[in-house]
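Just the one chain here, the form predicted alone, laid out as structure tokens.
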């Protein structure tokens, strides 16, 4: 699954990378995000008349939902069942999106020790896109909430070392095809596979990332061996 990620790049950089329009309002509230968590507002890219960068709430609320709290359970969507699940099949056909990111976290469990968070990114630190779906939900009082989910698939060789799922990372040349709504679900589903690029790296980071309230650059700094094994005796 994908439950935390980062987006340190500014809206103008993101818009340029993905050839999308960005609003001045989005630029004004922009900040580097080192610990994006579910339920937060996050920039996504969707394509209506043109590609646009907009803020959406993480946790998909289907248009037919009676209670928006369902979104708390729909932060991820399994690629294998998208076309059948009522929560996702309509969005798969009509409301696909890209979720810009420059890194994400996974947790590795070893024995009885607390799970160790790891940070995964491109080796050049650059932007990439998760495959996602978005929806607009209308409350009885007329309030509208736009939300999204990140699609997951089986892990690649790197991620399989510490988790059984991974978010779908699209290659740049696949992004336009994913966003084009003229392409039917059967046409785009083959894109939802483990990322086969060899440009990712993973390293352990501070457990401070466990708290969604913490947001600073130290979260993505690699831990030293002494920090990982504080009780280990130093050798000459």
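Being a predicted model, the structure only gives us computed values, none of them experimental. Residue numbers count along the first chain shown, from 1.
Keep in mind the form predicted together with the DNA is missing from the figure; the text below concerns it.
J.: Identify which of 97, 75, 120, 92 has a heavy atom within 4.5 Å of the DNA in the predicted bound form; exactly one of them does.
T.: The option sitting close enough to the partner is 75.
J.: Residue-level question: is residue 183 within 4.5 Å of the DNA in the predicted bound form, judged on heavy atoms?
T.: Although the DNA is absent here, residue 183 would stay clear of it in the predicted bound form, with no heavy atoms inside 4.5 Å.
J.: Using a 4.5 angstroms cut-off on non-hydrogen atoms, would residue 86 count as touching the DNA in the predicted bound form?
T.: Residue-level check for residue 86: yes, a contact with the DNA.
J.: Closest heavy atom of residue 81 to the DNA in the predicted bound form, within 4.5 Å or not?
T.: Looking in the predicted bound form, residue contacts with the DNA include residue 81, since a heavy atom lies within 4.5 Å.
J.: Determine whether any heavy atom of residue 38 comes within 4.5 Å of a heavy atom of the DNA in the predicted bound form, and answer yes or no.
T.: Looking in the predicted bound form, residue contacts with the DNA include residue 38, since a heavy atom lies within 4.5 Å.
J.: Go through 192-200, 44-52, 60-68, 169-177 and give me the stretch that gets within 4.5 Å of the DNA in the predicted bound form, heavy atoms only.
T.: The contacting stretch is 60-68.
J.: Which of the residues spanning 96-129 lie within 4.5 Å of the DNA in the predicted bound form, based on heavy atoms?
T.: Going through 96-129 in order - heavy atoms within 4.5 Å of the DNA in the predicted bound form - the hits are 107, 109, 115.
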